[in-house]
Structures are given as C-alpha cells and as structure tokens.
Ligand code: DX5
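Okay, so here's just one chain, in structure tokens, the form predicted on its own.
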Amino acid sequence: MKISPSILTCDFSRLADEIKFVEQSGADMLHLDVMDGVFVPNLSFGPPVIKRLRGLTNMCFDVHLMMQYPDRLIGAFADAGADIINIHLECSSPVEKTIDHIIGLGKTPAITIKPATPAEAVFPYLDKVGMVLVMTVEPGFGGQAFMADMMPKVAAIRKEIDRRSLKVMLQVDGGINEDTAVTAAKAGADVAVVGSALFNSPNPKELVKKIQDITF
C-alpha cells in the first residue's frame, strides 16, 4: 500500500521542516489539500504555496482540489508543480472537460467522491483517470473519525477497476491510521492518505513502513 501524508494537520509555521519530515518518513507522495471555502467550509492554500513547496522536494505532489470550480485554476496548479490533480465529481466544473485539460497539461488526473456519492458515479471516468479517491470522512477538516461504511463503495470501485484491467490507483482519505488502513486495504484501496496519525506518531518511519507493508 502506498502512503500519501496530508500536510493539512502539520505545523504551518514550520512548513519547510514538515515537508522534510514527510520526505524522511519514507512516504510515497505528498497529499496537498486545497480548499476554497465554497465547496467545503474551510480555506487552506493555493498555487503560490505549492510552487514554493515544489522547490523543497522531488516527492510526487498529490493535489486534492476541494473547489467548486477547479477548472478555473488547473493551469495554475500544473505550473506550480502538481503531479496528480484531483477534482471532486460533485464540483460545478465540467468533469470530463476538466480531466481532458489536466491530461493535456501532462499531469495525472484523478477524481474524488464524497461519502454520499455512489461508487457507480466514477465508472464512466475510469478509463481516463490515474486515481480515484473515496473520502472516508466528510471533506473539509482534518482529524475526523474513519467511516467504515464507505468500504463497500471502495470494494465496488476496486471490482470495476479489476474487471476492466485498468491501472487506476484507489485512494482513501479520512481517519486513516495503522488499523483503518488495514480495513481499507482489505476492501481494495492501495493508497492511504494519512494526516494526524503520522504527524502525531512517536515513530513515523515505523508507521509508514507498516502501512506500506499491508498486502491483500
């Protein structure tokens, strides 16, 4: 299982040090939560911050756009150094057109679904995206409890990916720790977004290794 630590719960007054911390933990990529205060009731950061972070590390930037109109800033996020650009299926932008825009910029497109959105909603886009993210909390805030009832959704998407022999990563985000990562992996997830569990861990390298070693 791959691990993508979210910096949403890190110490933003020491952001450069926190990026180094994630890099040294052995994580596979870095999850960057962009919130616009409209799609979700919270604000985080945008392309200028990501551009600054890009100069600090070569890690893959897994950029999760919790935005009502992500299509308006796709070019800016691509220019800032995003590698994976992830939009919500529930946003107000034209989803397929936005995915095509991401592909045209040489980036990997991904789509996210909120807890109320059914698994089948992502099926029409599986041939075009490199990753699907199933939220295991309501998006917008870190530190929430894992929603185990999202696992049938993860399993349904995994089944469809495998049925079509697609190389699409299946990510989970929200309340992920050493135990819930196992639950998600059993359902078919192969990428875990980890926030609080990593930044509060007494042994982050050990936690990362344990999650990476989960196989089913």
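Owing to the predicted nature of the structure, the values given are computational and were not obtained by experimental measurement. Start at 1 with the first residue shown and count on from there.
The same protein also exists as the form predicted together with the named molecule; that form is not shown, yet it is the one meant from here on.
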Worksheet item: Does any heavy atom of F141 come within 4.5 Å of a heavy atom of the named molecule in the predicted complex?
Response: yes
Discussion item. Although the partner isn't part of this model, could you tell me whether H31 comes within 4.5 Å of the named molecule in the predicted complex, counting any heavy atom of the residue?
Written reply: yes
Worksheet item: Does M147 reach the named molecule in the predicted complex if we count a contact as any heavy atom within 4.5 Å?
Response: no
Discussion item. Is L8 near the named molecule? Define near as a heavy atom within 4.5 Å, in the predicted complex.
Written reply: yes
Response to the item:
Residue within 4.5 Å of the named molecule in the predicted complex by heavy atom, from A27, M66, V168, A181, is M66
Worksheet entry | Location of the named molecule contact in the predicted complex, chosen stretch of 183-191, 170-178, 152-160, 48-56 [non-hydrogen atom, 4.5 Å] | 170-178
